[in-house]
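Starting off, we have a lone chain in the form predicted alone, written out as structure tokens.
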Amino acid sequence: MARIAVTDGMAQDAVALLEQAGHEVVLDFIEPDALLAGALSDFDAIIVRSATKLSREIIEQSGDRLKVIGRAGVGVDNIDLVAAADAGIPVVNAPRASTQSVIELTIGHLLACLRHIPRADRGMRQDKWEKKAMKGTELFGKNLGLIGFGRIAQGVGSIAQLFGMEIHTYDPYLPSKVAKDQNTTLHKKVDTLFQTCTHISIHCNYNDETHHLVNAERIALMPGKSFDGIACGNHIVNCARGGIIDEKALLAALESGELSSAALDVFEQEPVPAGNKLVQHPHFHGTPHIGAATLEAQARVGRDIALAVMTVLDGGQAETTVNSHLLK
């Protein structure tokens, strides 16, 4: 029997799955100070979401008992993968569970941008009938640029094509055959993607290479006019990871009119501080990191991460081990 810490919540069915296998599950958030003081030395495994941060210092204080770290979701930027590998600890995630949920949220944000849905709603709550100010544009006939072209981006691209959009992508790790099979134009340079597309959606991981990949210079490259001749403006959506977009540059572009709208589900600092000027801008709308927050996704992610953690505890190697190349 293993003792498993679940610090950021988990679907009850997944907890039951672990307990039915004979494991003890402790559902409780552990404060950073307690983690630094070695709280994980009492556990064989820990399952986190995005709230718990596992730094090198915390991992080094976990002792020899910790056998596996589970990330209930996709992104692992809150876990020091190298430090975990140095300690001989596999880090496993659940990359497929939230795919459909994030696809649908991305399309929702994109449509909300173009049809001014959040702004119109806010106006009506103030008893305003701003019909003339809410003239929007269509997805049909526009170029959608996808930065990163994994499962989620491919799903977004498939739906966008049904709306009549032309799909472009920048992904330096993508085989050209995949882009061709998906009827997508693959760009060798990210700058040409911005020069070509009036609509951009982010779908890459956050790392040193992608930090502020979307910045003032690249936003300025966006054409503002689509190939069908419509002055549709420029629009950016990010449901991937915070920090990929320079939020100060995003705000400046909204204020100058270079950018017609922006929608974020993820932010450089979460929760977003009160009074954030970007959040207050009338042509911005956001959601509090809810890409995976559906009943269906939570059920899938809980099951997937529970099975992966149990595989490691049973002496196996989980298919979704993200630091396997670093383990000795």
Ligand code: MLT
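The first residue of the shown sequence is 1; numbering continues from there. The model shown is predicted, which means the values in this text are computed figures rather than measured ones.
Same protein, other form: the form predicted in complex with ligand MLT, not shown, and the subject of what follows.
Q: Heavy atom within 4.5 Å of ligand MLT in the model of the complex: which of His283, Lys67, His289, Arg300 fits that? Just give me the one.
A: Only one listed residue qualifies here, and that residue is His289.
Q. Which one of Asn276, Thr294, Gln61, Ser50 is close to ligand MLT in the model of the complex, taking close to mean a heavy atom within 4.5 Å?
A. Selected option: Ser50.
Q | One stretch from 173-181, 140-148, 70-78, 220-228 that, in the model of the complex, holds residues within 4.5 Å of ligand MLT by heavy atom | A | Looking at the other structure, the answer is 70-78.
Q. Might His203 be said to contact ligand MLT in the model of the complex, defining contact as any heavy atom within 4.5 Å?
A. His203: no contact with ligand MLT in the model of the complex.
Q) Given that the partner is absent here, does Arg241 sit within 4.5 Å of ligand MLT in the model of the complex, heavy atoms only? A) Flag for Arg241 set to yes.
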